[in-house]
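Just the one chain here, the form predicted on its own, laid out as structure tokens.
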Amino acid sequence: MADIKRIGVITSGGDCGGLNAVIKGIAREAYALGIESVVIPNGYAGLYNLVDLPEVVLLNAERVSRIEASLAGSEAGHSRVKISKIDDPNKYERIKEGLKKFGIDALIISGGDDTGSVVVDLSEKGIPCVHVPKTMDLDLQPYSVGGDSTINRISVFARDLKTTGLSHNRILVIEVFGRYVGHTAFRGGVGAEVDCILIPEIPVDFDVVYEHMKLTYFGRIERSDVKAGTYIIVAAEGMKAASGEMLYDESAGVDAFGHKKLAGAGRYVRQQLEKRLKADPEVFEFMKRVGMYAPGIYVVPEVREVTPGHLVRSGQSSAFDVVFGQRAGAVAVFLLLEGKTGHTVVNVVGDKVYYMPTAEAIKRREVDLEEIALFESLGTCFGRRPQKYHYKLIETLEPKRRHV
């Protein structure tokens, strides 16, 4: 068992729900084992600058009690910094000097794929560290803290927007985070019973989306005694057009890890629908038939895009993420004590602690398209012609424990 007297706690990448629970889980388990834990602030930027800091915050009982596990965000702070790209040939020695200065024997680092890649890098450089999976995108192999909180917030926003959609007979496009995968858009959209969900895994045929929108939206308004209806689309920021081209704003640039900053998917969807509405002669007849038509002013239904942005990763953490976060943080301490550096916490089931190499954990996991077909059979549009759901019945006495 490794001789560890003090652990440094780092959160890195984007903020999200459950991270404060991770910090509390680490600190409380370490305390129970007679080990000190300290915050290294501001993510990997703070790790690089640790040697220059006058002090670090000790996570003693009094300080930990002031951390609210149910709040999203992180008491430890964040930065999007990739250590290997820092323009300093002595960066790794500088980091080791900072750790030595404060008597920090090992690190527990919570973050997503970019953060995990640095965990692999630091481990290879002789800096002991364990990874707790964190990303609202849910694109890691194991469940990552923050995902459930984000799904719930997307669902709440999409449900709430139905009231304004119905009040104005609007078609609403909600653009949400998720980068190159559609887990949060998919599950958040299903949770809100939206009409259409557009995800990166399925290139979008806008003719299919338009047909579905027209049939659903027109039907709702015509059946309504007050001629009111709405149509809600949740679009993942990394969605692709039918050509396979990702939609993003070139002017937004790239982040510290070289990823393009995604933006504009909601606007693109709105423009595609507006173009089709204006070119469709049946739309004008519909507007007149339901009493919405106003010559020269209101001739086609209004399409609006809404971008909740960072609201989907802020505010309150879900109870699921608070439980998972505390549990994952606590067992990360055990991994360090057992010398399992360069590994990622996967899950805790009873007395079994599951973990895997961080290099494997950060490999991208996409939405299972076999499952999409099930929701297509329930009437949700995913920007393609609906496909048949092929099911397999499997009897088991030990259900597979898998997170969202």
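Quantities reported herein were computed from a predicted structural model and do not represent experimental measurements. Don't overthink the numbering: it's just position in the shown sequence, from 1.
Omitted from view is the form predicted in complex with ligand F6P, to which the following refers.
Heavy atom distance at most 4.5 Å to ligand F6P in the predicted complex, all of 195, 234 and 384: No: no residue has a heavy atom within 4.5 Å of the partner.
Partner-facing stretch of 329 to 337, 278 to 286, 82 to 90, 135 to 143, counted where any non-hydrogen atom is within 4.5 angstroms of ligand F6P in the predicted complex: Selected range: 135 to 143.
In the predicted complex, the residue from 96, 179, 240, 212 that sits within 4.5 Å of ligand F6P by heavy atoms: Of the candidates 96, 179, 240, 212, 179 is the one lying within 4.5 Å of ligand F6P in the predicted complex.
Contact residue in the predicted complex, chosen from 313, 78, 270, 187 - any heavy atom within 4.5 Å of ligand F6P: In short, 313.
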